[in-house]
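For this one, two forms of the same chain are given in structure tokens, first as structure 1 and then as structure 2.
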Structure 1
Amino acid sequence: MIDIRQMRYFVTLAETLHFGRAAERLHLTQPPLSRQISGLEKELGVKLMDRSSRHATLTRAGQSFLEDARAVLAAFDQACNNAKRADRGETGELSIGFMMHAAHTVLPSLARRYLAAYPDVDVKLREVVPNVLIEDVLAARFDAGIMFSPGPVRGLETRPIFHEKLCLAVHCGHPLATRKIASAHDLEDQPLIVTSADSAPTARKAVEEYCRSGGYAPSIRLEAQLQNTIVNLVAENLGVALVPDSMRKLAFSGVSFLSLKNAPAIAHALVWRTGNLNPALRNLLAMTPAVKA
């Protein structure tokens, strides 16, 4: 069977038109080269070289084969290099699902850094509602997800990458609305709007703990899944809420945001499927160290 070595030999020979010198360039002696070339010709059933005792020249078929062989060798080397690059995560695909908050906080700089370091990776970013993100990652629809730190999930790895403080959202007609800052104490008996325990347990937990640090149990009036929804409900004057600072960036009419004394923080986490071997993911993880609370 014809192989790539014979093509390499042939191309070198075609470039020198001299068996001896070609053999030298190929780091072998002349007889094996002669044999490989005539073997190639025999297997092709095509004479590629005209040999005189003085010169070796290419036949027409040889000229044709030379062009093609060069292209094949280039494609061959390219394939090997591409495999190495793919293995290093320099090419390929990386899909990241994220919740809206990430777009306001960690995602932009992370995406910029990653794309700068790995410009040939096809990065797909897609916003997803938080509660389906875990199953999307587990089902390999995404290589990674960015969401509020979930509890431990079987088959899922988690790494906190950013801690965002919470602030207080109140209706603009609320007594606290005129203040700049509030404390845990101020929230006693205030009807709270919180995230449901199953969709963002850490956010929920942070709120509850903050209340407990004020020495009372939170009075929860409403549960919603999205922070966005929560703030809208605050605007409707159905309660107050502790929401991530980044919510301030959005313009909500009828809502005032207050800073909190000893503000609790909520972790944004990078999550990925255990055993996901995508090298591009490996590189993403390498450039996003865990941050401590």
Structure 2
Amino acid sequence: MIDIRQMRYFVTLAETLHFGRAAERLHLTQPPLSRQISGLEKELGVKLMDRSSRHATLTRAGQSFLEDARAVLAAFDQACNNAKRADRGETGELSIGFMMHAAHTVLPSLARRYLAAYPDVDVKLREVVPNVLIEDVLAARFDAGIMFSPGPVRGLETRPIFHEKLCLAVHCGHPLATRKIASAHDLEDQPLIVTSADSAPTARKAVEEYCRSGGYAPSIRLEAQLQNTIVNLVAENLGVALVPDSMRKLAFSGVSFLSLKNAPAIAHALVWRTGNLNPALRNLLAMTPAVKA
């Protein structure tokens, strides 16, 4: 069978039309080069070269084979390069699911840096509810997810990449709305609108612990899955809420945001399935080191 080495030898000889110079370029002596060309002609069943003691000329068959051989070699070299780039994570696909808050914190800069470093990777982004996101990552529907830290989950690797403080959202007519800062004591007996424990357990836990730091149990009026829903409920004067500070960026009508004394912080985590071997994911992990609280 014809091998790729024989084709390289032939193309080099066809470009030099001189066995000595071709052998030198190929780091061979002339006899093995001549044997390889003869073997190629035998396999093809056609004469590619007219030989003299020093020079060679292409036959018509050789001229035709040269054009095709160059195309085959170029395609082969490209295939080898593509395989190496794929192994390095420079091509391929990377899918990332993210909670809404990530769009206002870590996701835009991370996506910009990743795409600048790996422009040939097809990056797919999709906003997902946090509790669904865990299932999607475990089921390999996403390579990675960005969400509030879910705590230990079997089969899931977790890395904190950002810490965000909570702030207080109140209706603009609320007595606290004229203040710039509030404390845990100010929230005693205030009706709270909180995230449900199944959708964002770490965020829910942070709210409850902050209330307990003021010496009381939280007075929960309503639960919702999404933080923007929570703030919209605050806008209807149905209660107050401790929400991520990034919610200020959305400029909700009828809502005032106050900083919190000794504000709790929640971690945004990058999560991925244990054993995911996607090289594109490997590069994402390399540019997102863990951060301390």
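Take the two forms, find the largest set of C-alpha atoms that superpose within 1.5 Å, and that set is the rigid core. Since we're looking at a predicted model, the values are computed, not measured. Just so we're on the same page, residue numbers count up from 1 along structure 1's sequence.
Each of the two structures shows the same chain on its own, and it is structure 1 that derives from the form predicted in complex with a further copy of the same chain. Fitting the two forms on the rigid core leaves the C-alpha of Leu281 displaced by under 2 angstroms between the two structures. The Cα shift for Thr29 between the two structures, taken after rigid core superposition, is 2 angstroms or larger. After superposing the rigid core, the Cα of Trp272 is displaced by less than 2 Å between the two structures. For His18, the displacement of the CA atom between the two structures, after superposition on the rigid core, amounts to 2.3 Å.
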